[in-house]
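There is one chain below, alone, in structure tokens, taken in the form predicted alone.
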Amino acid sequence: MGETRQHPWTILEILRWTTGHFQEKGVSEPRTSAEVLLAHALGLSRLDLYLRHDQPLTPEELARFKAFILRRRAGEPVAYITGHKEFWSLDFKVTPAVLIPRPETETLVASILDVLKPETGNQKPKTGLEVGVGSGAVIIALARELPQVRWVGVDISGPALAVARENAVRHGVAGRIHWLRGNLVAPLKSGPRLHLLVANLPYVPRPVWEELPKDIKEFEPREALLGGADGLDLIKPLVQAAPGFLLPGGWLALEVAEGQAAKVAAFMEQSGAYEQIEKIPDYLGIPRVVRARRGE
């Protein structure tokens, strides 16, 4: 980005330069990164960048954008730079304390809505639990879609719970979510009282984690990703514990990594506590969610 230019950078010029620069530096999704960061620096939408393509940047806007370029070039994820990430068509606050919500996790939300339809009228309230809430993306999306469900959200991280609480307030569902800090189901009193238990636990196997890109491995919280040698260190005990908290006919839905669905389904089958065990693919056709009902 030359400092001897005789005229200000326009939106289109700086966008083209930044995309090429990111490509040269090996930044993933260079065009998208450039668009999102420039839009954030200017307080515009990505569409506005093209509607105002010949608008010049002020020195203050250029300085702000340069700082974003340096952070992205160093590997910092776009969502942490902007502090926002869209999930289920909702805008979520994200910080380095939480995993950045992924599009494939929308499969987990959809898998619940497929079996637990929204209800109206004077229906008896249901109770749902999410273990490992992170930013709150899953539990908040479900709370908005399922007004008849009261929720409990559990996470071992205090900073993550603070982000989730803030997102719940922003999206108008804070009154239906009770937050608890702890590991898996340890903060809950034993006994079957849940109609639903959902979790997107750390599931990345250690060999895969070692090879993750820099913008994931060095910036996103390790404790939200690494699931032990085979990625199942937390999933196995939750599969075993869940029947003690689910009502007969209640649902368990777990997001899993590529290649894990068959193993998790086998754990459920071997426990003898579940029926209707299903493996549900994400938008790429990868089995992403394992869903099952607690036996009657």
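Counting begins at 1, following the sequence as shown. Computed from a predicted structure; not experimentally measured.
Note that the form predicted in complex with a small molecule isn't included here; everything after this is about it.
Student: Given the small molecule in the predicted complex, answer whether the residues 116, 197 and 250 all have a heavy atom inside 4.5 Å of it.
Tutor: Verified in the predicted complex; spot residues all out of contact, no.
Student: Using a 4.5 Å heavy atom cut-off, state whether residue 223 contacts the small molecule in the predicted complex.
Tutor: Yes.
Student: Taking the shortest heavy atom distance, is residue 128 within 4.5 Å of the small molecule in the predicted complex?
Tutor: No, no contact at 4.5 Å.
Student: Could you tell me if residue 99 has a non-hydrogen atom within 4.5 Å of the small molecule in the predicted complex?
Tutor: It does: once the small molecule is placed as it appears in the predicted complex, residue 99 has a heavy atom within 4.5 Å of it.
Student: Any chance residue 77 has a heavy atom within 4.5 Å of the small molecule in the predicted complex?
Tutor: Judged by the heavy-atom cut-off of 4.5 Å, residue 77 is well away from the small molecule in the predicted complex.
Student: Exactly one stretch in 209 to 217, 144 to 152, 77 to 85, 177 to 185 has heavy atoms within 4.5 Å of the small molecule in the predicted complex; which is it?
Tutor: Heavy-atom contact with the partner occurs in 177 to 185.
Student: Name the single residue among 27, 265, 38, 234 that comes within 4.5 Å of the small molecule in the predicted complex, judging by heavy atoms.
Tutor: Exactly one listed residue reaches within 4.5 Å, namely 234.
Student: Please tell me which of 110, 201, 162, 173 lies within 4.5 Å of the small molecule in the predicted complex, judged by heavy atoms.
Tutor: After the contact test, the surviving option is 201.
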